[in-house]
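In what follows, one protein chain appears twice in different forms, each by itself as structure tokens: structure 1 and structure 2.
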Structure 1
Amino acid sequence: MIVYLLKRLILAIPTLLIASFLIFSLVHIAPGDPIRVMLGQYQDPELIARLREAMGLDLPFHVQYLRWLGKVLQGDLGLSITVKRGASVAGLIAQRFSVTVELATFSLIIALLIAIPTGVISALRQNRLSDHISRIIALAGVSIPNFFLGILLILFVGVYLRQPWGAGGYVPFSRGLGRNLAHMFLPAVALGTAYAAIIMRMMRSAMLDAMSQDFVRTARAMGIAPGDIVRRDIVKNALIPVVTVIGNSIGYLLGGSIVTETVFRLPGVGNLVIMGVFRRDFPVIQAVVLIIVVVRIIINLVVDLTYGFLDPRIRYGGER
């Protein structure tokens, strides 16, 4: 496992280099000039030229990229140009990252609490009424965009029911755990519903596949209790492909939080990206997207290592 881990870490290096180049390129290709945004109505050409020179924005593209990459390798993500002028991008992300992590974690918990039991029940009661209802709900969950569901939740809970925690906003832990969780509940539901539907469908399919395997028929022939077969054999084997979906969902939750945080006015990293895009703050956009890529790589590695714990037959090195 150590050799496998080292190989994956080495392969992550070119992946990050390619990702960093694409991020930097796409951000700079996009229309808009952060200097003009920063100056607002005062568009003096001479001042714009001096500021571009001072910030290195007048240098050739490859020189700008190498300078930025060199600073990133030293742990310097740069300074904000327009979101919070002169502030450390790393500091801005650190202030908001906990909100995004809390939202993603809460969303994943809600998704798993809905998806795993529903998927198991749906597979065990295949083609019955509960199975059909579960599949219809899963299709609706996948089809409804999370931002639209978020707006509906705000209208129902915040406007119709007049609940203060239903109108969006954020309350930190320091002001009470209950109030914090109340304000995070609707965003987590809006963000986690779609992933609950995806995980539920995968869990159902994996359960049905595991139920048709020879070891399940052998266990039944040996007289093992059906509940033990489901718990020890079927569910455990069905979780292997589901873990992959869960791992990918964590990465998507971080990306999906961008829209959800905007709808519910949460001061997270996603909201910071939106501000950076509207204000053409290149360092902010580049840093946040690069961090999301790093998190995705780490999650994929953890998912691969988890396979060995779920299925001892898996050997890292291409053998099984």
Structure 2
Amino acid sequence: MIVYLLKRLILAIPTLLIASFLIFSLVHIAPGDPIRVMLGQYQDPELIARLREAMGLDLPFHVQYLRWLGKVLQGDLGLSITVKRGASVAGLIAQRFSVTVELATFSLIIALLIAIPTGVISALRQNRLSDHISRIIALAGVSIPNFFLGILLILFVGVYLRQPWGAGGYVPFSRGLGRNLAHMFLPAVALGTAYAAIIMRMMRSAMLDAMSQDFVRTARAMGIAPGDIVRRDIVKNALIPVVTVIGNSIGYLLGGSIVTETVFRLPGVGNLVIMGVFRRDFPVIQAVVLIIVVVRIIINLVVDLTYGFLDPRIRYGGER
């Protein structure tokens, strides 16, 4: 297990390195001089020269990359240029990171709470009314864009029902956990719905798959109680492909949170990257994108490792 973990960690390193190289190069595929582009109308030659030196843009490309990477590894993500002039990007992200993490976690919890039971029931009652209804809702769930769903939720809860927690905006933890969670609820629903729909569909088809396996027939023939078969044999086997989907779709949750933060005016990391794009603040864009990619790779690693707990047949470090 530990050998496998180390192996996976080592394998993730080249991916991260090349991804970081790509992210760093983004600035340089931009047409024109990045500094002039970033400064917009403030074309002060002295400032340009100072920034150029501060960012090391006069050095050869590979030296620039290595310097940047070295700083990043020490937690120095550079300085913001236009979003908040001179502020440390790491600091800006640190202020906002908890908002995005809370949103993504809350969405994940809501999605799992809806998707797993619905998927199980839908499969057990295949082609009955409850199955049809949940499948139609799932289809609507994957089709409705999270920003439209978010706006609809604000319209109904915030405008028509006049609920203060339904109007968007962020309440920090310091002003009460209850109010914080209440304001996070609609954003989490908006973001989690499509995710729930994807997981539910996978859960259903994985259940149906598992139900048609020989071991289920054998268990039935042995006279094991149907409830026990569902719990011990079917659901457990069905969870393996579902965990894969949960992991593979985590990117949706990370990308979607950028949109959801905009809809509900949440001061998260996604909101920061959008400001960065609008104001062409390259250090901010690079840092946020890098963090999202790192988080995604780590989550995928964790998901891979959970297979071992779900399915003892998968032996790490052995055949794989």
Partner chain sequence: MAWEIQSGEYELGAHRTLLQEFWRNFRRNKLSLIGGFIVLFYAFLAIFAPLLAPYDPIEQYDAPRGMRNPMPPLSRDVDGRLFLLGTDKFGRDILSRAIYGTRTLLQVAVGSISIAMLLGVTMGAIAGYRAGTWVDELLMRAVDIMLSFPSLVLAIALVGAFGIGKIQIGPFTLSNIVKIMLVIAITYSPRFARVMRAVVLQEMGKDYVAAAKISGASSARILLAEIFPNTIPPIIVQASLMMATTVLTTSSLSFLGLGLQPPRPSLGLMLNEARDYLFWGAWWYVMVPGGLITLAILGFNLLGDGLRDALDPRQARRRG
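Every residue number counts along structure 1's sequence, beginning with 1. Predicted, not measured: the structure shown is a model, and the values here were computed from it. Between two forms, the rigid core is defined as the largest C-alpha subset superposing within 1.5 Å.
Novice: Given these two structures of one chain, say which is the form predicted together with the partner chain.
Specialist: Between the two, the form predicted together with the partner chain is shown as structure 2, not structure 1.
Novice: Is residue 248 one of the residues whose C-alpha moves 2 Å or more between structure 1 and structure 2 after the core fit?
Specialist: Moves: yes, 2 Å or greater.
Novice: Residue 262: CA shift of at least 2 Å between structure 1 and structure 2 after core fit?
Specialist: No: residue 262 shifts by under 2 Å between structure 1 and structure 2.
Novice: Please state whether residue 290 has a C-alpha shift of 2 Å or more between structure 1 and structure 2, with the rigid core used for the fit.
Specialist: No; that C-alpha moves by less than 2 Å between structure 1 and structure 2.
Novice: Give the rigid core superposed Cα shift of residue 64 between structure 1 and structure 2, in Å, rounded to one decimal.
Specialist: A shift of 3.9 Å.
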